[in-house]
Ligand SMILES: Cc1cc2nc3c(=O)[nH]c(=O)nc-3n(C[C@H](O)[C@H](O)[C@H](O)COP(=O)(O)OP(=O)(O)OC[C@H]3O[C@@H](n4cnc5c(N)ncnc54)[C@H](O)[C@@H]3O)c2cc1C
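Form predicted alone, single chain, as structure tokens, below.
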Amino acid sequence: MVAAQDSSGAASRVAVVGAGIVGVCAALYLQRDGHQVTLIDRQEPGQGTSYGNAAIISGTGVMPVATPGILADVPGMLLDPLGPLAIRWQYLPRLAPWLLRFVAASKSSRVEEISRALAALLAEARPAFKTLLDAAGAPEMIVERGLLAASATEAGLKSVEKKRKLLERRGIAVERLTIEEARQMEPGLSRDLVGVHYYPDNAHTIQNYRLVTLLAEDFVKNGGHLQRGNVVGYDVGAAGPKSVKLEEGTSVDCDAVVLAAGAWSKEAGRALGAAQPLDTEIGYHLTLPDPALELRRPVSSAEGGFICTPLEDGLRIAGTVELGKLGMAPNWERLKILRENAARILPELNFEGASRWQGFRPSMPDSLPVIGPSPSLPNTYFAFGHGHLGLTFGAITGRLIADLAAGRPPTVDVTPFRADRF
């Protein structure tokens, strides 16, 4: 892979496609190396999936979605459209190849490999954010107070204890609390919980959308260019992409391209030299403007697959996994279940005035993002497929892309995330 510089050795013109958290962070880190960067998206920065995530900067996200025994759960995913992990049955024929790889990734040995790769990214995730937020004068955007995992049933408690073993193998701290100890930390927790675990290494942002827009503003302040437009193709020469073509008939000239378009990266990835088994998780959230209780830290549900996160403008309840087609209409019935389950662990919640949202997470079958060079095109880099951890891995992904573009050894081994691993 040739470093992203022109023939004179000067910094190059880099086009970053996708202005979510990953693309914005990649643009900033490339800019710090002196590149002339254009950030391209059909929307304003942060208005896609980055707008509605759970606002978590995870310190524990080393567990892939597919774990041993997942194959036996697939029929239930099809039969229960409101479950925490569900499949739109209409999409099953198209999803089948992805599901085969998903099940293959659930082998015990593979789960260990995946968790080690994710742990390596996690170790660098917050330091990479600190660099960007300190430069933008906004270190207060990320708060480090840990996370409480609440179990309302014995089955939920058992699942957390199973996860705990893997976390401890990766050197991640987990503390089992009594209900009263947990309620001293968060008095709004139900007294009827079966168990609570504390993950001190987790953090969260006080407002995920504002985090992206603030970083995008810093990018522009330092000379970066935002280009609104729908990307329809690339002009590729022997040295790699020469321009990014927009639907409006215009183009952005460049010496290198970074693809960070989230769930919309599949077709573009094929055009840039690598067909990826990327598919879509449909995510949902409720945001309560006046939740009637104050949380100091996020609280997750062991059974429900969601997280309640305190934001500066209310309380976000986000999560669950629904596998379906990109652009598929929402199933708002899922929010009723989200609401009921949230009330089980936080019974005083006030849902009046709640706003709802649906978005599309870019999901790889092995729960590992694609980070690295195109296997066939020079000066082309991939940064997508982060699943539930797009916000968490946004800054470290951006830093790794800048390392690769500069020809520097990346600070994390990117071999597990290579585009041609399938």
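Quick note: we count residues from 1 along the sequence shown, nothing fancier. Keep in mind the model is a prediction, meaning the values are calculated, not measured.
One more form of this protein should be noted, the form predicted together with the ligand, which is absent from this view; the next part is about it.
Site residues Ile40, Gly359 and His388 are all in contact with the ligand in the predicted complex, judged by any heavy atom within 4.5 Å. In the predicted complex, Gly398 stays away from the ligand, with no heavy atom inside 4.5 Å.
Using a 4.5 angstroms limit between non-hydrogen atoms, Ala268 touches the ligand in the predicted complex. Residue contact check for Tyr91: none of its heavy atoms lie within 4.5 Å of the ligand in the predicted complex. Using a 4.5 Å cutoff between non-hydrogen atoms, Pro241 does not count as a contact of the ligand in the predicted complex.
Partner contacts here mean any heavy atom within 4.5 Å of the ligand in the predicted complex, and among 105-113, 177-185, 315-323, 152-160 they occur only in 315-323.
Residue-level contacts in the predicted complex: of Asn379, Thr49, Thr60, Ser367, one residue has a heavy atom within 4.5 Å of the ligand, and it is Thr49.
The partner is absent here; in the predicted complex, the one residue of Asn331, Thr250, Asn222, Asn230 having a heavy atom within 4.5 Å of the ligand is Asn230.
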